[in-house]
Ligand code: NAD
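Below, in structure tokens: the form predicted alone, a single chain.
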Amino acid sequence: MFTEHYAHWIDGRPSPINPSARIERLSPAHDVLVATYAAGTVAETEKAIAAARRAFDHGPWPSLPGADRAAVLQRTAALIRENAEALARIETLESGKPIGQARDEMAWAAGIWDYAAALARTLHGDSTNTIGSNQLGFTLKEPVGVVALITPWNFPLLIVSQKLPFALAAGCTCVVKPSEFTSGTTLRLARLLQEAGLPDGVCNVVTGYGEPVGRVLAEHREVDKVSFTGSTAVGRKIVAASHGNLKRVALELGGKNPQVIFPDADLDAAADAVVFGIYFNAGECCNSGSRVLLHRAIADSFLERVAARARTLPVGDPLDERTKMGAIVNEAQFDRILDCIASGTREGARLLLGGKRLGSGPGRFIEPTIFTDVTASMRIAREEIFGPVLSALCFDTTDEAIRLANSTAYGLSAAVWTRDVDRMLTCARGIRAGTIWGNTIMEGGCELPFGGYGQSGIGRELGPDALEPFTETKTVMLHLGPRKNLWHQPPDSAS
């Protein structure tokens, strides 16, 4: 392994940095130095905002034809595919996720850039000609302006790809702040964008901590919109900081997502989906299926199936092609997961599987963990753990299952397993979540909107309307022919 040294990317070039203001990133699986990033300051963040402002107010990007913007996005998608192996390796070393999963994410990300390119050519306003014979109205869709994008560490390139290409397709300019733990692929993406033909200043990347970089982006009066993905606690801070200029805010936050299993389901398929849903990305996923709600008639036998699969899950070195669950991203997250596991035991849940650190060598790994005898009031049933910890709760009726599904402050996603179409639709309508999966989990595509209810966020990403949040609608009203004088009456010529 070797160490990558990165600078900010501002106005189309690496920005000079203070060598002493560096963030060191150790691989969470190997405890070796794999990257250093610049620790951004207020001045550097403001420099990036100024570059984006100039590029929006005076540069060509906002006024380019949609086809020209689409061409840049399509070239970017192609470059992501060409560089997929190198990008995947960076993500694996920085985040601890398995290399096979990282490769899949590169493919997903490239597909999103292709989809955004298609939308760039379809953005349009509307017209109205039924408001009077001498009146014609129409609307224009214009880019909102300078957009700040603040992204997390769990899916670095994928999540920035759920935001950045749509902002660019709409004609916005951007400042991106990636996580201080996993900045490498975002900085590589900035270079690929330049190679694809993006003008200087349109996409800028400032690395560093939430204080000051994230705070300045959220507060700054020259930033017209902020889009944030991360924890609900930080999302509240983003909203509070944004009030100075009433900028638009979009938030994609946490989840405590249930999989609801009825006795008539394909239980073998459901058990596989439960294991995948909780241990994918080591549970460090906002869509993680961290609660399984089981009809009491099948609870014990179903959990035996799940535990049997979880016991054989390959956990370890994420560079090993066989690994399905890698390392926990950092020490703080590792300690929090273990603290949540301890709270489950204290509150009376029964530890069916796992619950401990795995291995004694380098890196931070946690055993696949399952709790049963969980009640809705317990911490492990209410809080987003963001780790490989599954909480099992029981129900007797469909109404009770829906109430349990809705018993947390979150509402990001849910999965329902049943062959009964009536029951499926009853649950889909009753569960308050942005995505409902039927007899599957984590399937879909960039053609479908993504976002949550409640404390899972504000707004939606992806889908056919993904450009809308990055636009302003302007109404233009034309009067045809002479306009009747309504206020000034000419003097009476006879008087």
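It should be emphasised that the depicted structure is a prediction, and the values quoted were computed from it without experimental measurement. We number the residues from 1 along the sequence you see.
A second form of this protein, the form predicted in complex with ligand NAD, is not displayed here; the remarks below concern that form.
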Since the chain is shown here on its own, which stretch among 84-92, 114-122, 361-369, 378-386 would lie within 4.5 Å of ligand NAD in the model of the complex, judged by heavy atoms?
378-386
Check each of I150, V223, L187, L303 and return the one that places a heavy atom within 4.5 angstroms of ligand NAD in the model of the complex.
I150
Checked L79, A299, V374, I159 for heavy atoms within 4.5 Å of ligand NAD in the model of the complex; positive is I159
Going by a heavy atom distance of 4.5 Å, is G100 a contact of ligand NAD in the model of the complex?
no
Mark F228 yes when one of its heavy atoms lies within 4.5 Å of a heavy atom of ligand NAD in the model of the complex, and no otherwise.
yes
Non-hydrogen atom contact P178 with ligand NAD in the model of the complex at 4.5 angstroms:
yes
Can C286 be called a contact residue for ligand NAD in the model of the complex at 4.5 Å between heavy atoms?
yes
If you look in the model of the complex, which residues in 253-282 sit within 4.5 Å of ligand NAD (heavy atoms)?
L253, G254, G255
